[in-house]
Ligand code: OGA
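First, one chain by itself in structure tokens, the form predicted alone.
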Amino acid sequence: MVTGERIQALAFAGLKELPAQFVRPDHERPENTKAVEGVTAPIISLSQPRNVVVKEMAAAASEWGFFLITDHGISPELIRRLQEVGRVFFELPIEEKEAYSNDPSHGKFEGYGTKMTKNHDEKVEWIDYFFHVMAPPSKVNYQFWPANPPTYREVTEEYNKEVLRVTEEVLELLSEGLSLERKALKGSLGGDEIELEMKINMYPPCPQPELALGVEPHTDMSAITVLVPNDVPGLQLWKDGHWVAVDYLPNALFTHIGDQIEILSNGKYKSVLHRSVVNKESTRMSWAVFCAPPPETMIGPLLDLVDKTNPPKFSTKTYAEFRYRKFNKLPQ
């Protein structure tokens, strides 16, 4: 695959057949691993009494590792503006987008990217993306933020404030669900130094969606991920031995439990295995915010949750070490 070849460019070049590097092995193809439809993932309204929310969220985090949040206080208008500036960026001429291209192989993750293969056997995902850090201010580098559209920074900073508020609330509720004090999880993840990373995912129309994947099955290495998609479905979760399709719910926050919360909770909360499928006619987009500890933070099962009858299920290490091992597919 030519470096710099973007999925978006391929998709709109009138491709009739999927190039071989995108065709998944038989056991991974959506046509052979059909998702169950009509199973409703947990929907949690934050307007309920707190004890109800704590109970519902703990159950969803334990059984699914995923839930949809409603009544979260982020205005539909702000979500619409966030999606608009992301769409406009991806509609820019290719040269303008390439000015932001990243280089993950050299540790440069921020910017415009396509998940290229590490070796010839690895299949390529049907996705382009834009990735940058949103918080804390000390880690933000605006040179990686799109200059076009001109409102990108203003809208994204406003959304960042709202997501910081929501993620803090979710971490408090999850802490209470473990019978810990409210700030336990946030404190263990780095407190006010917790990092928020924005990833705009763009899945163009695919000529043979039954053979490809937008994102292959994975768990997020973050603590939690808060995502808003457009109205083209595609997210699927692994639950009870099969894939479950998640329906679109306007203005809901699609919330994933990630690896770091699973570790801190000593396995009580599950990091959800999920994948994205693609669509023949429509472009799917999603705006994911990863809430993650700073690299030097030591993460292991919380001492209050381990004892002789419930020993630690995970080793303690820095988030940087965890990330390195996960990227390089080394045992944790």
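Quantities reported herein were computed from a predicted structural model and do not represent experimental measurements. Residue positions are given as counts along the sequence shown, with the first one as 1.
As for the form predicted together with N-oxalylglycine, it is not shown, yet the points below apply to it.
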So, a 4.5 angstroms cut-off on heavy atom distances: do all three of Q83, Y152 and V163 pass it with respect to N-oxalylglycine in the predicted bound form? no
Can you pick the one in K97, K239, K199, K186 that has a heavy atom within 4.5 Å of N-oxalylglycine in the predicted bound form? K199
From V215, V133, L249, V244: within 4.5 Å of N-oxalylglycine in the predicted bound form by heavy atoms is V215
At the 4.5 Å heavy atom threshold, is Y203 in contact with N-oxalylglycine in the predicted bound form? yes
Answer for Y269 alone: is it within 4.5 Å of N-oxalylglycine in the predicted bound form, judged on heavy atom distances? no
Looking at the partner-bound form in the predicted bound form, is F290 within 4.5 Å of N-oxalylglycine by any heavy atom? yes
Do L235 and N-oxalylglycine share at least one heavy atom pair within 4.5 Å in the predicted bound form? yes
So which stretch, 281-289, 295-303, 33-41, 46-54, is the one near N-oxalylglycine in the predicted bound form (non-hydrogen atoms, 4.5 Å)? 281-289
